[in-house]
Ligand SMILES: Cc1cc2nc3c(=O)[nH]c(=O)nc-3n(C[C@H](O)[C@H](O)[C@H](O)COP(=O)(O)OP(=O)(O)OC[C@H]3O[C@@H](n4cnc5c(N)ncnc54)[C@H](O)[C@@H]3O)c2cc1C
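One chain comes next, on its own, written out as structure tokens in the form predicted alone.
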């Protein structure tokens, strides 16, 4: 696998793994139970410079390839994929701001986002607007002298602790005007005209703190509009959010690759040490075949995810296709083989004292967050026709 990584990337990969082992792995169980603060982990990543891996140097980042960031996420996914989802929420804002923000917006926010001094969330999803972003009903209304944001967002990753939200809403100048889709930079530290709901319980990825957020006529500055002007039409705005989602898909695929690697390690160790009928269960063909399938799919998922990450910088016209492919394959493999890991552990696999129980819960959630597997298939099929 290292054939595809430079010597510098191999060294950074080892550095990332060492950091994760020391600073995140010891807290994985507490993060899952909610007794350890996810915000502290994300802020710590920023202090190390890891949130700025892909941010240009003029804005305080490292200007490294997206693949480098994915190597970090893979290491994180091996111990807690929920943290990867929290990072994805932050990274999507960074991507949209870098791609579409004004010079003033980038100069103001990107250095803070790179250092983790400002943590971000992308507020897009609504009750009737999940994968169908065109159904967004939140609005920014009024004239340049007085603009107000009103709407209900749900499943907002990092919602309870984010300092900055990038909100998708329709910009309308009158009640009769349906408005065009646009993005607005919103200060989340001002809680007087917004309401952050209670933390939402989840099957898995529990360390990624999600909540509903209601904007109740929040005053917004015209300079908060992402880009110097509105997108010319809804399709341009939808292309922007789809691009951001492609970034998050590869991030979640990388976390699934890490999870798969963990499932393989736990299963191999169990097969070597668990004795039944006078020998270890690893001598049974049924177990050997499970381990073989795990190893094959883990390697394939890694290759597909690295290719997608590489394509973002080197072959952007293929990025959305490769992102959908790796998300579909890696998440599906993580769910299938974490289930097999539970099977190999037997009744102990049902215990929350064993790591494979958490792997199984996290893996199922990976098939749904940042676009379901069915949506990825639709994207892949649609691009094949194009």
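Numbering follows the first chain given and starts at 1. Since we're looking at a predicted model, the values are computed, not measured.
Not on display, but discussed next: the form predicted in complex with the ligand.
- Look at 282 to 290, 144 to 152, 115 to 123, 300 to 308: in the predicted bound form, residues with non-hydrogen atoms within 4.5 angstroms of the ligand sit in 115 to 123.
- Between the ligand and the residues 210, 182, 138, 246, the one pair within 4.5 Å by heavy atoms in the predicted bound form involves 210.
- The single contact residue among 73, 167, 85, 260, judged by any heavy atom lying within 4.5 Å of the ligand in the predicted bound form, is 85.
- Not one of 39, 163 and 216 places a heavy atom within 4.5 Å of the ligand in the predicted bound form.
- Although the partner is absent from this view, residue 368 contacts the ligand in the predicted bound form, with a non-hydrogen atom inside 4.5 angstroms.
- Residue contact with the ligand in the predicted bound form: residue 131 places a heavy atom within 4.5 Å of it.
- For residue 375, a non-hydrogen atom is located within 4.5 Å of the ligand in the predicted bound form, even though that partner is not displayed.
- Proximity of residue 108 to the ligand in the predicted bound form: non-hydrogen atoms within 4.5 Å are absent; the residue sits far from the partner.
- Interface residues of 101 to 118, taken as those with a heavy atom within 4.5 Å of the ligand in the predicted bound form (partner not displayed), are absent.
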